[in-house]
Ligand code: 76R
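One chain comes next, on its own, written as C-alpha cells: the form predicted on its own.
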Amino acid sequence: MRHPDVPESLDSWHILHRMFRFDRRAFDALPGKGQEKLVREATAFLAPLAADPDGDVSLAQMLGHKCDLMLTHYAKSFDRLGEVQIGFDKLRLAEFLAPLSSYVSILELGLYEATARFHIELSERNLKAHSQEWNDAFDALLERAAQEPRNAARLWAKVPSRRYVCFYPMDKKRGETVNWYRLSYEARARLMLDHGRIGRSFHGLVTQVISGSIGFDDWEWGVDLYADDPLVFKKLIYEMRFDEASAAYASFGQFYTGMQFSLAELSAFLDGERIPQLLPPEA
C-alpha cells in the first residue's frame, strides 16, 4: 500500500562506497616485480567492472586522514556488489588496504511533484485507492516517469567522469521539536522544490548523484558531487545551508573529498611517484 504522504522515487544502481587506508610504506618495500604483478592483478579484476554495461567502478585518491582511497562500485543488485567485494578482498592489493568505512545505498530520483500528480490523476479517473486497478495504474505512471528521457539518462548513467569528488551522508531531522516527517506533504514538496532550484543553478558546474540508504546504512541518503573545480563543492553546499530544507531539517555526516583517477593510473597512485590523473575516456 502506498501511503499518500510518502513521495515515490525511481531507483536504479545499487551502490557501494568503500574507504581504505593504504599502507604505502609496506607497498614500497615490495620489489619492483612484486609491485608490477600486484598492479596487473588488480587492473585485470577492475577493468571488466569499469567496462560492464550493467555496472561501473571508480577510484579516487582522497585528501586528509579519513582515508587514502575510495572505491565506488555500481551494480544492478546487492548480490553483485557482494561478489565484487569478495573478489576485491581476495586481491593481493587488499593486503595493503585497511578498510575504514563504507556506505551502501541505491541511486534514486525523488518524485515529490510527480507523486502528487499521480494521486490527483488516479482520483480523477475514479479509481478506488489502493485497489489492484489503482496499484497497476500507479505502477504504469511510475514506469512512464522512468522512461522520460531526462530521468532515463540519470537513472543508469555511469559514474560521472569529472576530476573531483565529494561524498557525504545526510538525514532529515526527526527529533521531538524538529521533525521533517511530521510536515505535511505539501510543505515538504515546497521545500524540496526550493532546494532543487539551488542545485539547478549550478547546472553544468557539478554533477550530483543522490542515493537512498534508509534501511541499508546508518544515514538516510548518500550524496556524491562531481566537478572539474573543487571550489564548486564549497559554493554549492554553503548556499544550500541557507535553504530552509537544509537549515532547519538536515543533518550531515562526515565529508570525504578527493580526486578521481583512471584505472590506467593505478600504478601511479600506488607507487606515489606522481599524482594519478583522470584520463580522457579515449585514452
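Model, not experiment: these values are computed from the prediction. One rule holds for the numbers: they count along the sequence shown, beginning at 1.
Same protein, other form: the form predicted in complex with the named molecule, not shown, and the subject of what follows.
Comment: the named molecule is not present in this chain, but in the predicted bound form one of Arg163, Arg80, His119, His195 has a heavy atom within 4.5 Å of it, namely His195. The listed set Phe138, Trp156, Tyr168, Phe96 contains one residue whose heavy atoms approach the named molecule in the predicted bound form to within 4.5 Å, identified as Tyr168.
Stretch-level contact check against the named molecule in the predicted bound form with heavy atoms at 4.5 Å: of 120 to 128, 102 to 110, 69 to 77, 87 to 95, the positive one is 102 to 110. Although the partner is absent here, Leu236 sits close enough that one of its heavy atoms falls within 4.5 Å of the named molecule in the predicted bound form.
Residue contact check for Leu46: none of its heavy atoms lie within 4.5 Å of the named molecule in the predicted bound form.
Contact check for Trp221: a heavy atom falls within 4.5 Å of the named molecule in the predicted bound form.
Among heavy atoms of Thr257, none comes within 4.5 Å of the named molecule in the predicted bound form.
Contact residues in stretch 230 to 265 (any heavy atom within 4.5 Å of the named molecule, taken in the predicted bound form) are Leu236, Ile237, Met240, Ser246, Phe252.
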